[in-house]
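First, one chain by itself in structure tokens, the form predicted alone.
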Amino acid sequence: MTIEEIKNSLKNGPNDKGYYGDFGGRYAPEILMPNLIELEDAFEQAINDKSFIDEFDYYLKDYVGRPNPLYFAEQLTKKIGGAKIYLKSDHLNHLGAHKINNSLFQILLAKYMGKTKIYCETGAGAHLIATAACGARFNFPVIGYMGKDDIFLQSTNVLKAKLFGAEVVECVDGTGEKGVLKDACTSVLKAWSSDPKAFYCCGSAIGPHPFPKIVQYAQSIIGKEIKKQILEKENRLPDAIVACIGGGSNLIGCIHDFLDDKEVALYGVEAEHSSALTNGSIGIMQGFKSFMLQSNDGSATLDTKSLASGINFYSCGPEHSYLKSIGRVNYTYATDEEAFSAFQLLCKTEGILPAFEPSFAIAQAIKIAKEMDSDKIVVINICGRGDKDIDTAERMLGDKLGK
């Protein structure tokens, strides 16, 4: 790349104030500022420390199991017709999701900083179990904050986290009757603000600066692997990359290395009833400026719902809002019905059990692939496996299961 191309690269963000264009920032109370500044300084030091990066790379390989395969879904491709479909197999990571890339990085950063305890938040529970496992490996106590509704829906992941030694705190909204990821995020920030010796391991590319940058950095291993693997298999870049998005860590991890490759179309797929990028407006909550599902005066978030707990979120990471504003990424949504149909289709064509979250991406990728010629290539990130969702799938299928 030329100096001018490097200067104008979409991979350069955020600026020193934490903004991607008009989005992001550090909208935090005074009590949190020392924590955030300390974290930013430590992160910048760590990523320029060869011994830290070497340790991260070692555990990615020998603990997480990276690189995971880029798999040609031959039967799904034949069933759908059109473009060749490849699956990036993040469901094959240790613990079954992309979340461990980020949890591992941040737990190592906590160790680097000399912290003594870990806080985290979670929706579907994948970030919780990844953080709990890494906490166990590096001898950190872990306290996870999780919405009341999600604890019920993702009881298997709660059990796993407790087996790893984590404490799970139930979070509710103002009514006290329900609680989702938004409520977990509020609770964990409140806890961290009064406990500077603790480390907050943020699970997605959201929150006040530097969290979106840290999570993007940790998850960018996904896209780097996709680029290397597709060049080895096809000797060219894909025509499209598709991933689901709630907060946005899985998607930004997939696409970050491709942001300057204009020939590659990029797609982020939200859940219909938590589609902040499709139906939201610009607002500021929980420390950052982004598209949000909010009341007209911006004083409260709107209720959201989704078959997939991990993308049932009222907002999205600020880098995604910026990429939407400049038209680099195509953001859309799929319905619960479309996602559940795609979930079943991947099970029956490829013998792969995806989580409900990437099933939203599969649903959109099917639409895209059908309209493309057979020499085109579509990559889908299967960011999690569906063990956590099989009880819900059983209830939804009822007597149709196995027919």
Ligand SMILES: Cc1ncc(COP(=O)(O)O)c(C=O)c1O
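Just count from 1 along the sequence shown to find any residue number. All values reported here derive from a predicted model rather than from experimental measurement.
The form predicted in complex with the ligand is left out here; the points below concern that form.
Asker: Quick check: do Gly246, Asn250 and Cys383 each get a heavy atom within 4.5 Å of the ligand in the predicted bound form?
Answerer: Per the other structure, all of Gly246, Asn250 and Cys383 touch the ligand.
Asker: Could you check which residue among Cys201, Ile241, Ile311, Ala130 gets a heavy atom within 4.5 Å of the ligand in the predicted bound form?
Answerer: If I apply the 4.5 Å criterion carefully, the residue I get is Ile311.
Asker: State the residue from Ala97, Ile85, Ile255, Cys120 whose non-hydrogen atoms include one within 4.5 Å of the ligand in the predicted bound form.
Answerer: Checked against the cut-off, the match is Ala97.
Asker: Quick one: find which of 58-66, 368-376, 352-360, 336-344 has residues within 4.5 Å of the ligand in the predicted bound form by heavy atom distance.
Answerer: Within 4.5 Å of the partner lies stretch 352-360.
Asker: So, in the predicted bound form, is Ala124 in contact with the ligand at a 4.5 angstroms heavy atom limit?
Answerer: Close contact exists here: in the predicted bound form, Ala124 approaches the ligand to within 4.5 Å, heavy atoms only.
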